[in-house]
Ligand SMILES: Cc1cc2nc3c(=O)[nH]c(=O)nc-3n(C[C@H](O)[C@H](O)[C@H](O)COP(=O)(O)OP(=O)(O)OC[C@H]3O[C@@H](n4cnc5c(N)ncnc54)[C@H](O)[C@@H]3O)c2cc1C
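Starting off, we have a lone chain in the form predicted on its own, written out as structure tokens.
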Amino acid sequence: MVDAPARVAVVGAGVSGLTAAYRVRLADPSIDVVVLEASQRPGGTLRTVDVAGIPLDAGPDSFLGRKPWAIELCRELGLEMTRPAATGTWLWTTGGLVPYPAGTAFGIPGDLGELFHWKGLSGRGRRRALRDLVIRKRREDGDETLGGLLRRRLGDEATDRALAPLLSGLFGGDVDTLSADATFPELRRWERTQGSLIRGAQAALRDAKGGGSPRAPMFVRPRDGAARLTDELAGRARDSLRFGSHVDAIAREGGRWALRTASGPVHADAVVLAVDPATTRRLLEPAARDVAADMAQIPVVSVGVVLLVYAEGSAEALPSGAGFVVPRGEAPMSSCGLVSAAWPAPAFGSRAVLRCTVGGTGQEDVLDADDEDIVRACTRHLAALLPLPEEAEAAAVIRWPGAVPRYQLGHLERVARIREHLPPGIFVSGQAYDGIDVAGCVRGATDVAAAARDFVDTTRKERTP
């Protein structure tokens, strides 16, 4: 074992695992990297499916423009990036779609006039939201729920109808259980520094305008779709990938880590676990019992994506914008992306292409229905809202069971404890620890790759006579 080449084993070939493998190999080609993936395909939730001859993203379809890490990696890999052709988000109301004000930060208007006249809230709701300007800021230190922060500052109506649908989408819903520090720390910072979320939004918008460079778009993606990132990473890691390699256990053996698989043990100096919290907890249970309790406090929620392709000539029925969000319980979907408006492509022709998100906290039972019922529920609601037919010409339903980890109160401290108590040479990476969005996963995997590489270097030096 002592004479074996230095090795890093990565468990999981999603964007976090593939990024970690790429970074380790790029920084030190002398380190052997092996990526163990239980399924028969790489990419995790970043994948495309064919609907009526059109390749569409079945998972994340873009990256947050304000977070540069995924964009920088794409450019490093030579992928051409594109911005949406249509921007702006709408809110589903009983009276139809209402656009969010143009000058907003995280959905909070920076223009008091726009907030005072915005039709997304009742007059009472708008007046309550404006009290944010005079309410005293919170004196207590420490984390609080995102819903608690928003309700305290802006009121229940603004929280439930306007902000929760917009802010909770990435995190599987339910702002009243999500950690403010782990989800939108900017809001907590605005209250501390500006004494108000509205004044914080005003300051953020002023800074963006006065920075001397164009404001970053809300979303960016590779020209051929978000899954191009993992496709490219998987192509570069082809020799390292082992599909169908389900890891049953991890244990110390001969001074190294031994990962037990059906095809035999894989020995490595360092291990990067880039899989879901439950799998990570199971693999670490014998070797790192101290992290089990904290791991169990990172629940997951199931979501689904409904892709809809309508008949030729239907694209003109869509409003100009990226999409709309839905207050909880008012429609079968929690949001709808206007794909053909935001990301036009020759393959669409004149067809309207939409992407509905379903499921999430408190609405997971939607995913238990048959595909046909889910599609029918979505198309009927869309037809009542927009001049679209009651049926799409083609559709696909993609379910992602337990795909979204939920950042509950105290999440950042929980993750810090987990990493502090990991055995030497074991590292964790992924949505549960580094960020729900692709950009956060890329940044976290880059940091973990550097830590694993440093650990291997130290181990090699200790073994050298």
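Note that residue numbering follows the sequence shown and begins at 1. All values derive from a computational prediction rather than experimental measurement.
Only in words, not in the display: the form predicted together with this ligand, which the text now covers.
(Q) Under a 4.5 angstroms heavy atom criterion, identify the one residue in T177, T104, Q363, S245 near this ligand in the model of the complex. (A) Flagged contact: S245.
Q) If you check A416, A27, V49, A38 against this ligand in the model of the complex, which one has a heavy atom within 4.5 Å? A) Comparing distances to this ligand in the model of the complex, the residue within 4.5 Å is A38.
Q) Does F427 reach this ligand in the model of the complex, with heavy atoms at most 4.5 Å apart? A) No, F427 stays farther than 4.5 Å from this ligand in the model of the complex.
Q. Is there a heavy atom of W69 no more than 4.5 Å from a heavy atom of this ligand in the model of the complex?
A. The answer is no: W69 has no heavy atom within 4.5 Å of this ligand.
Q. Any of the heavy atoms of D61 lying within 4.5 Å of this ligand in the model of the complex?
A. Although this ligand is absent here, D61 would touch it in the model of the complex, with heavy atoms inside 4.5 Å.
Q) Might V305 be said to contact this ligand in the model of the complex, defining contact as any heavy atom within 4.5 Å? A) Within the cut-off, so yes.
**Q.** Stretch 42 to 57: residues contacting this ligand in the model of the complex, 4.5 Å heavy atom cut-off
**A.** If the 4.5 Å heavy-atom criterion is applied to this ligand in the model of the complex, 42 to 57 yields G43, G44, T45, L46.
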